[in-house]
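Read on for two forms of one protein chain; each stands alone as structure tokens, with the labels structure 1 and structure 2.
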Structure 1
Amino acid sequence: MTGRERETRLLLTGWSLHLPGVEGFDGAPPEKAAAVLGRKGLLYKEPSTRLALCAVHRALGFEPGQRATGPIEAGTAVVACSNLGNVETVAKVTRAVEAEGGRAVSVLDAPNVSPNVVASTVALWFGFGGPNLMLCSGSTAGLAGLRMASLLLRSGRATRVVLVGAEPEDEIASILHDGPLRAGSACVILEPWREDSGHAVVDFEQGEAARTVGPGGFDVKEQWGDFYGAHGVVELALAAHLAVVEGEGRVGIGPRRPDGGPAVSVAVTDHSDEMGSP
């Protein structure tokens, strides 16, 4: 087993919470995404895709309307988490085919039927050329995405992973979810652990946490609503905010393990004070 495979920490180099209507983390709703991303290229982009693009844009620290330039980043992977991101388009296209045949489907709608549309659009928009994965595994998709990001980095398949979660709150998605959804997105940017870098780490080992995000602590679902597939990424980005920006030091995530420790935690690095705020 290599040193990288044994390492239980990942460097967390950026994060964002893009949650329309949530105090402190408010962001542009999908129909106003141009205020963040600029107007070009948003035609026929679905709400969940727009929200995901906004979250990544903010996690990268881009200015409003700024676009990525330079060569394709072959080492940067995208892991996207969304369960119901394109179901409204799938329903719309299915109804059009049933009523009028395949010729009635817009060629601009067709790509949005792909389950991978959120992950692939993020990669194309920002020029990320590494592995591209879409997770639609229910309410635990965000934490599954974190596990996948960890495997990509530790195996050397990627040198950086953009982990993003986004979920819409349209009528079709709410019906399939059997309950109200809250539209929103979040992003964290992860790299292999290295000394003297970054402000925060994601730690998979037990550690004494000053605060917890999840049951027994700040419950995102109870306080803000159900982000479903994006839930785990929202928790992760919130933990980073609390640990670094609000000075909590270490914040646990998720239900506690039988030994009392959090499932995952986010902690500031030892030298974070020397580096100033992110």
Structure 2
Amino acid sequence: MTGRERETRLLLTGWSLHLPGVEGFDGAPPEKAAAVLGRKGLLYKEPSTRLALCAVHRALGFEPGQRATGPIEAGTAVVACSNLGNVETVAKVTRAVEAEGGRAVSVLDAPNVSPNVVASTVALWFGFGGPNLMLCSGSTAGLAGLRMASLLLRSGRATRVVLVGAEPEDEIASILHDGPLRAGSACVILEPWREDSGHAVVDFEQGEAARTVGPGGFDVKEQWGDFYGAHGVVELALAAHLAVVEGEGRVGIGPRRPDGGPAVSVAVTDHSDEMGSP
């Protein structure tokens, strides 16, 4: 392994697109998340949290209703991307206090008034004890999440990163977003680059891509709707699907960003021993 590869490549060992109502990638809507996750523990879980849990569940290849067992994985980090994940709860709690006083508020909503509930709930549900980050950086949150995931892996803070994006579609979120918003989630599982395993590689150096996801190619926003903070993770997971399952080999994501940041591609690894979607 050269230093250059260490800096520019990450292994992508799993992915999922959990997009309610999107043909080919349809997933349970938040109110039916029990079909994926099992019934226990979903009380007071918000739509965005449920969507994130479903995406991670699928990316890990779990069966419906299967739960994580075993000790906490201290080497697995979570990076979650969502801008509007808890705004409806914040509004609901505020209105309840105004109308009926603080006693009308449930303590079960206490975690939900803190925006990092999406990231921390994923860690709690699956037993991920590594660094846990919640990114709320607007429509570029997914790309920021990929950069932070790369940082956590290269700095040795984690041996695996679960990068998940999830955005709800509710009254308050839609007003704040000021435009059509689509509920959905996606997840990619990232590990440090190594030669001998995995489905695909995330490459921060733009190579010759067979297809492009994003402007100039398959425009997720135009075709499926605006997943806002989850957008970048949806693009990554879609690129993984196209590269591996649809045999495109290398799929680029978007043009080079205006700030000069890295363009990204997802490509099949030379050594993939398994070519199916996890």
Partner chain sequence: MAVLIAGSAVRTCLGSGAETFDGLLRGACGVSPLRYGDPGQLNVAYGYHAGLDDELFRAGRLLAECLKEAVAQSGVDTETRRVAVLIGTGLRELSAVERLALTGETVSAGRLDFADVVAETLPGVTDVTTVVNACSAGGHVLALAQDLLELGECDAVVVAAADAMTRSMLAMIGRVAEEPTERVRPFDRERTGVLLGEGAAALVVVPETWDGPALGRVAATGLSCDAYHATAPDIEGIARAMSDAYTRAGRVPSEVDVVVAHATGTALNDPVECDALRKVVLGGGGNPLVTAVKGSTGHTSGSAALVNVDVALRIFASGEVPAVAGLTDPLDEGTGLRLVIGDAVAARPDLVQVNAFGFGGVNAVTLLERA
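Between two forms, the rigid core is defined as the largest C-alpha subset superposing within 1.5 Å. Everything numeric here is computed off the predicted structure, so don't read it as measured data. Numbers given to residues start at 1 and step along the sequence of structure 1.
For the form predicted on its own, the corresponding chain is the one labelled structure 1.
If you fit the rigid core between the two structures, you'll see the Cα of residue 178 move by less than 2 angstroms. Comparing the forms between the two structures, the C-alpha position of residue 71 differs by less than 2 angstroms, with the core used for superposition.
With the core held fixed between the two structures, residue 99 has its Cα displaced by at least 2 Å.
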